[in-house]
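Read the single chain below, which is given as structure tokens and is the form predicted alone.
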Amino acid sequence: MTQALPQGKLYESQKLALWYFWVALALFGAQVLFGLLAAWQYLDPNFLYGKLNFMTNRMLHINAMIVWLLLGFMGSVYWFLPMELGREVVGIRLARFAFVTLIAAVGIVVLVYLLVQYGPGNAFTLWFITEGREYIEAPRWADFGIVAVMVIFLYNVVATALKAQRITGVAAVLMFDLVALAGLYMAGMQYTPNVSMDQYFWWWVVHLWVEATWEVLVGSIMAMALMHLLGTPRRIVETWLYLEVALVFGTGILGLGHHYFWIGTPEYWLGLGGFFSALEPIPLVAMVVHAVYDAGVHRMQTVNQPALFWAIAQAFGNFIGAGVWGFMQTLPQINLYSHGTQLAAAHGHLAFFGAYVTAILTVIYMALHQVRRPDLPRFDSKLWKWAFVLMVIGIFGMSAAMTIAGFTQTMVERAIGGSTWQAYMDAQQHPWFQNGMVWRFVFGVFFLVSYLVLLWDLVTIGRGEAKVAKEVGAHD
């Protein structure tokens, strides 16, 4: 039985989703700030040396990104799930407990990163300071905490669907994906002193967890967003979603192979991985482009312009960042020389922004519309356009700078120098590499400004119209 709410009222899970969004946005700012510090330390290695070292800034930059995107995904699901299934989320108290616990754990981990930073290579460091494994540095206790939160999240989705006696195609895909989301993260907790074996499972998290389970999760979120934002028929988004599950997991598992070559597995993984990795973003891009085309046929009739533009940015950003920039370096002939250079960093920045950041911003604008003024004929502002344009320029500028630096590494360090230590130093001192690092910092500042504009817009959008409407009503 469905529990329809009066207009303007929110489900409890939607109120919780708003908390997820604001904490996520705060961590988004932390990601940008620590990234900027790390970018400056490329230019001035002595800056904050001994106090806030490059490795700490880089670690906080990456881990803040992972956590805020996860919070954004969870908030998005808690926002749409009651509307998708027609009832309040089951276990809302458990969801609030998980949220508070997760935020407290993140705070403790960040303080440890800042104040302690590292320790001796023993079990105490692994459990309570950092695992010291790139991208998944969280101490072991935090790993178990993340898995526990994911299990609670999965329980809430499944229990809500069962209680509602309604399982849509989107909800079914979501449940399937959350099982993989919790399970694959545990692969990164497998520690072995054999470096090849350790890297084998490490890649399951760094590549498969992020590029398969996250892609399907964001596909489910965008499917629900497009139905509410543009009125896209359910049969269209669910058809593309099913194809995405088949192709993303099919291509993602084999696409992982383009990393395997570098840890001592057979050479055929280089070709297999490169081919299937290039196919990964096709279904999600097709789903959103189809929806935008459908909206164009109906003259783009949506009242939420910021959400619409971020949804369009998601479609093309995912295609360019994950597809074009990813494909550009996963071809075996190129990957042989470019793996692990700044080209990979350029691909990562564009892909994460295009696929995930834009999707979460789409949902946040939709949520703010419903919270502040669902009756407004047009949810709009002047600032969001500036934030949108500046942020897109900032991310493309950073990625272009890193692409040039990565190209220099590929040529000077790998192709010409043969990957020797001297060749590495030659590439680091090459003018193209150093200028690339300068421009990365410049566009990083650009991106920080755009983030502040975006944040101010999210705080204020819709409030002015509410005041004007109230004043007009008083005169009437």
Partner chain sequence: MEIGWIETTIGALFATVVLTLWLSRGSGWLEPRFWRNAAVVSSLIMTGILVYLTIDSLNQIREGSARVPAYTVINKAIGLKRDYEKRRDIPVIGEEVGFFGKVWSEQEAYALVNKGKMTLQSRNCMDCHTLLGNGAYFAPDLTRAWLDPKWESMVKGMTGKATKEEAMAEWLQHPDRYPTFVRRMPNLGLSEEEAKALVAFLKWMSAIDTNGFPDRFAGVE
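Residue numbers count along the first chain shown, from 1. Remember, it's a predicted structure, so these values are computed and weren't measured experimentally.
Missing here is the form predicted in complex with the partner chain; even so, the following discussion is about that form.
For the residues 386, 185, 309, 262, the 4.5 Å heavy atom test against the partner chain in the predicted bound form is passed only by 262. With the partner omitted from this view, the residue of 189, 180, 371, 336 that lies near the partner chain in the predicted bound form is 336 [heavy atom within 4.5 Å].
Contact here is defined as any heavy atom lying within 4.5 Å of the partner chain in the predicted bound form, and by that definition each of 272, 342 and 429 is a contact residue. Although the partner is absent here, residue 235 is a contact residue: one of its heavy atoms lies within 4.5 angstroms of the partner chain in the predicted bound form.
Interface residue remark: residue 202 is counted as part of the site for the partner chain in the predicted bound form, having a heavy atom within 4.5 Å. The closest heavy atom approach of residue 59 to the partner chain in the predicted bound form falls within 4.5 Å.
The closest non-hydrogen atom of residue 411 lies beyond 4.5 Å of the partner chain in the predicted bound form. Exactly one of the stretches 71-79, 102-110, 254-262, 220-228 approaches the partner chain in the predicted bound form with heavy atoms within 4.5 Å, and it is 254-262. Taking a 4.5 Å heavy atom cutoff to the partner chain in the predicted bound form, the contacting residues in 414-428 are 414, 418, 419, 420, 421, 422, 424, 425, 428.
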